[in-house]
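One chain is shown next in structure tokens, namely the form predicted alone.
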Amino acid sequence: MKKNWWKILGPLLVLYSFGMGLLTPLKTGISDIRPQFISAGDTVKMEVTGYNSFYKAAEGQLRAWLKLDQEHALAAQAIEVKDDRHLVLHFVLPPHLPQDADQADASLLIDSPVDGAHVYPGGIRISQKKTNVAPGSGAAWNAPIEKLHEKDAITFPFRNILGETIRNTYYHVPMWFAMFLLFIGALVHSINFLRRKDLKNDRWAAALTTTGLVFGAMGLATGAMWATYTWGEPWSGDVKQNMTAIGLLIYGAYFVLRFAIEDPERKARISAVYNIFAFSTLIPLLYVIPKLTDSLHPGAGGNIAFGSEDLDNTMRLVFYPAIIGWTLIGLWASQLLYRMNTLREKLLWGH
């Protein structure tokens, strides 16, 4: 039992990530605003749809602002509460924006003593026919935003694009981490075989590569399901999707190569060299090329992955244990494959 503690820890961490990942609620957010295109000088009735909100319980205590930047915000003149999820905000827009521009993007900020402060970032476009940044022209945009409430609860971030699918962060991404760590282990054993000519290293490299490829396929599948809800289709030709598919095909060819060679020594030697080549292609395919091009995927094309609203401290309590758990399960599966391959080699070749 003392030697196999990690075999128990892995499934427990994965079960923990499933439990916490699926049962912890999301923060209060704003899922929809209408209209999103307004003009300076208009009187606007803005319909707001909240998420995990309890507006009725805070009726009469709600506050709302259209926020242009750190210095300029416009307070709502009146707030109508229809039900827990729906509000009507009344804004009287000044005839001019406090900026020398034809249009500006504004965020909607709602503060509630029940739900805390929540925001719809940059989702409202305000246009103006004539610019006027003379002193006093933007006085109405100087509404103070202060004494915001914070909800004291364990919650995950709400993103109006991701919604509940943000929970896939605990499955899709940790599987990729586990895949990468398993491939690193396979790389080390391939290098060790070329140095020592010990077939144990070859069997370990094959077992780790097999498990890593399985985790890669699961990561690709969970990513396609996620893309269906966030991008509108499972495969959009995104650069990261394409490069991932190429990387997994390169690793798939590793097994085609092994099955084509019968002699164990020759198979191990050629497989080791190919495994080193396959891993060397993984870095530019998954990390370099997507960084150099535009991509829908976080962490590519200037897109920041794991920002404060994508992966906050509460999510990290689930995310990092999930990585450890999936990796340990991958190592356990690799150990079983290694033992199977060892027995098969002994039966076929006597060593």
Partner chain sequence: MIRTVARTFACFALLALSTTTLMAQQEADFMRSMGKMYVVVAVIAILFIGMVLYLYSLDRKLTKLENQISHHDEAETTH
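None of the values given here were measured: they were computed from a predicted structure. Positions refer to the first chain, counted from 1.
Below, we refer to the form predicted together with the partner chain, which is not included among the displayed structures.
Of the heavy atoms in Trp326, some are within 4.5 Å of the partner chain in the predicted complex. Contact check for Phe319: no non-hydrogen atom falls within 4.5 Å of the partner chain in the predicted complex. Although the partner is absent here, Asn275 lies well away from the partner chain in the predicted complex, with no heavy atom inside 4.5 Å. The partner chain in the predicted complex comes within 4.5 Å of a heavy atom belonging to Tyr171. Look at 109-117, 193-201, 211-219, 88-96: in the predicted complex, residues with non-hydrogen atoms within 4.5 angstroms of the partner chain sit in 211-219. Only one of the listed residues (Ile79, Leu162, Leu187, Val239) places a non-hydrogen atom within 4.5 angstroms of the partner chain in the predicted complex, and that residue is Leu162. Within 4.5 Å of the partner chain in the predicted complex, a heavy atom is found for none of Trp5, Leu15 and Ala178.
Contacts between 87-121 and the partner chain, taken as any heavy atom within 4.5 Å in the predicted complex, involve no residue at all.
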